[in-house]
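In structure tokens, one chain follows: the form predicted alone.
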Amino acid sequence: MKLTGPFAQILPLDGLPLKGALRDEQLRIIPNGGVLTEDGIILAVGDFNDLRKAHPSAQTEEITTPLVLLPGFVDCHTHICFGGNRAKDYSMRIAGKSYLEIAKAGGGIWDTVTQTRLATEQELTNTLIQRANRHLAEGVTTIEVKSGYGLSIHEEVKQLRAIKAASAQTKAKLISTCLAAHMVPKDFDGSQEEYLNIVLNELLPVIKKEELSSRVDIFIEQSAINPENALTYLSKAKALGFDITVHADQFTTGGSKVAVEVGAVSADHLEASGETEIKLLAGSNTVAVALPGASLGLGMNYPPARKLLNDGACLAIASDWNPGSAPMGDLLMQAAVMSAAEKLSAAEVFAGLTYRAATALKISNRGILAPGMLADMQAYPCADYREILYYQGKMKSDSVWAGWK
């Protein structure tokens, strides 16, 4: 048994609603707080001195400088298993080239597919561990990781095996998602329907047999997979026992409607979502996931986060860390910058990075600091939680505890 503290403040983020707007006044703040843990599980959260008196035999990890303790962040949307980079794409984009112009010049998703196919499984594992550990050092203790840069049976399995291997070699918790429906590969001689049927009939059974993932994602855009084919594919994947998430409404609408109709766990991106899509998501159990890193990387508007919350949606915030549109991968900085633009309270940002993001992954044992939860925690070098967002991501975690390992 271990007692960690005292912290200047603990924000357990417990007792808050899953959906809708939040005010900072709703936050429970524990001054001079401590956390009692055993085998990576939280036993109690409360006043440090009271916990020490009640548990005199507990080993004490004493905190000697002012720190604010939060749950570990959950990044519920990343693409950090990839080969190479797309610096050339980014240079062309900031010089004013369009997405189509970049693709015609050999860039875009297919460039990363080519580089990822050239990488060995071990190389993908090693670079993924490096990225996951960087995220972990910045307080992100749970990380969703997508495939989608293989786009063939063999290469998608290679990516997912690399994710599984990396998960055993980092203290961060990695949760894999099959994004074989990222786009129809350029070297596939057939239709969308034919490609998706191959994924359903040949790839997903292998994934299930090897326990490589329990989640399926799809990129719904006319330039990727159209809504009609996506709905058919996702319905069949769900029938096979996979949880569903959707790249939705990034450039055009239609994806969020499919997500809600199929009962997806989350609809991610939403930059193009309008009033109809906002109300649809708010009235559903599908988590709306904002990806401010993509907005920053592409130089486009943020998702309508404020309107989604005001209408009663569950809003999570993720990094979309990927080599093309969101190469930065700094989750807290992206969330802090979006909060200024979208007028999100600190409570809404922290909820979106923790327990609401965990809901987008269908995991219920992290995201708040409470008895029975994993002791995934992070502490910031300040005495007032408001300083964390005030520095717009420049203040980084001082200490990180990944309780599950």
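Quick note: we count residues from 1 along the sequence shown, nothing fancier. This structure is a prediction, so every number in the text was calculated from the model and none was measured.
Omitted from view is the form predicted in complex with a small molecule, to which the following refers.
Peer 1: Report whether all of Tyr149, Asn322 and Ser325 sit within 4.5 Å of the small molecule in the predicted bound form, measuring from non-hydrogen atoms.
Peer 2: Yes.
Peer 1: Only one of 166-174, 314-322, 203-211, 280-288 gets a heavy atom within 4.5 Å of the small molecule in the predicted bound form; which is it?
Peer 2: Among the listed stretches, the partner-contacting one is 314-322.
Peer 1: Do His182 and the small molecule share at least one heavy atom pair within 4.5 Å in the predicted bound form?
Peer 2: Yes - in the predicted bound form, heavy atoms of His182 and the small molecule come within 4.5 Å of each other.
Peer 1: Consider Phe219 of the chain shown here, and say whether it contacts the small molecule in the predicted bound form, taking contact as heavy atoms within 4.5 Å.
Peer 2: Phe219 belongs to the contact set for the small molecule.
Peer 1: Taking 4.5 angstroms as the cut-off for heavy atoms, does His135 touch the small molecule in the predicted bound form?
Peer 2: Looking in the predicted bound form, residue contacts with the small molecule do not include His135, since no heavy atom lies within 4.5 Å.
Peer 1: Just checking whether Ile109 would be counted as a contact of the small molecule in the predicted bound form - the rule being heavy atoms within 4.5 angstroms.
Peer 2: Result yes; Ile109 sits at the interface with the small molecule in the predicted bound form.
Peer 1: With the small molecule left out of view, choose which of Arg86, Lys257, Arg131, Lys158 has a non-hydrogen atom within 4.5 angstroms of it in the predicted bound form.
Peer 2: Looking at the other structure, the residue within range turns out to be Arg86.
Peer 1: Pick from Gln334, Thr141, Gln250, Ser266: which residue has any heavy atom within 4.5 angstroms of the small molecule in the predicted bound form?
Peer 2: Exactly one listed residue reaches within 4.5 Å, namely Gln250.
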